[in-house]
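Okay, so here's just one chain, in structure tokens, the form predicted alone.
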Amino acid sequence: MSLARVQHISVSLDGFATGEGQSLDAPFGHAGERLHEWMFDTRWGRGMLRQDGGSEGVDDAFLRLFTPGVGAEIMGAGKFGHPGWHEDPDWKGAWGPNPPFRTPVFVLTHHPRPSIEMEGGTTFHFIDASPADALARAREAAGGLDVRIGGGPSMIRDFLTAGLIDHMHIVVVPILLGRGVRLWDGLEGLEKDYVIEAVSTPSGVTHLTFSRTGR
């Protein structure tokens, strides 16, 4: 069976994956882009911004695992847009006309709407479903490839609580946010279900990989 995997979700030293006060102009709230500066210093990250240059070390190597082997993504409503996006019929996400996913993307929301087909192979489907039902639907669409569990932190926590995550890559960034949405709340003892490895890089971040035991 295909894997359900989380890829390069950044968290602060105190466990926050987004800051407080998210809005259209501040998608990560008071955290700004501090959780992701390491990413945009890499060649892969610069490429996402259509810029040249960037490092080609371990950080870049981890980021290049984003696309290979992935046939669908599931994301939460908070990743797809700012609070209240469902009231804007013209909102199509924050990635422009050609989003980077290039697969079917299932957006978990209590406000379903018709699917949106974008350039480059991305189609957003808006569903109100449990983690297990959403994963079953995404696996069917993925055609045997893996399903990326794209975030945000509340949605990832729900999938972890349900025991549905096979592999997870978390990046610990050396900042303290103090407030926002934490990833690890309510997940005491999670480490017992995974083999965990850590790699620290010159950028100052630490890559943690969680591989479910028995897979």
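Each residue number is its position in the shown sequence, starting from 1. A quick note: this is a predicted structure, and the numbers were derived from the prediction, not measured.
One more form of this protein exists, namely the form predicted in complex with another copy of the chain; it is left out here, but the text below deals with it.
Evaluate residue 13 for contact with another copy of the chain in the model of the complex, applying a 4.5 angstroms cut-off between non-hydrogen atoms, and reply yes or no.
Judged by the heavy-atom cut-off of 4.5 Å, residue 13 is in contact with another copy of the chain in the model of the complex.
Partner contact for residue 30 in the model of the complex: another copy of the chain, 4.5 angstroms, heavy atom
Looking in the model of the complex, residue contacts with another copy of the chain include residue 30, since a heavy atom lies within 4.5 Å.
Spell out, yes or no, whether the shortest heavy atom distance between residue 163 and another copy of the chain in the model of the complex is within 4.5 Å.
No, residue 163 sits far enough from another copy of the chain in the model of the complex that none of its heavy atoms falls within 4.5 Å.
Using a 4.5 Å heavy atom cut-off, state whether residue 68 contacts another copy of the chain in the model of the complex.
Contact check for residue 68: no, nothing within 4.5 Å of another copy of the chain in the model of the complex.
In terms of non-hydrogen atoms within 4.5 angstroms, which of the given stretches 38-46, 149-157, 54-62, 168-176 touches another copy of the chain in the model of the complex?
That would be 168-176.
Even though the chain is shown alone, can you say which residues of 188-214 have a heavy atom within 4.5 Å of another copy of the chain in the model of the complex?
Heavy-atom contacts within 4.5 Å come from 188, 189, 190, 191, 196, 198, 199, 200, 204, 206, 208, 210.
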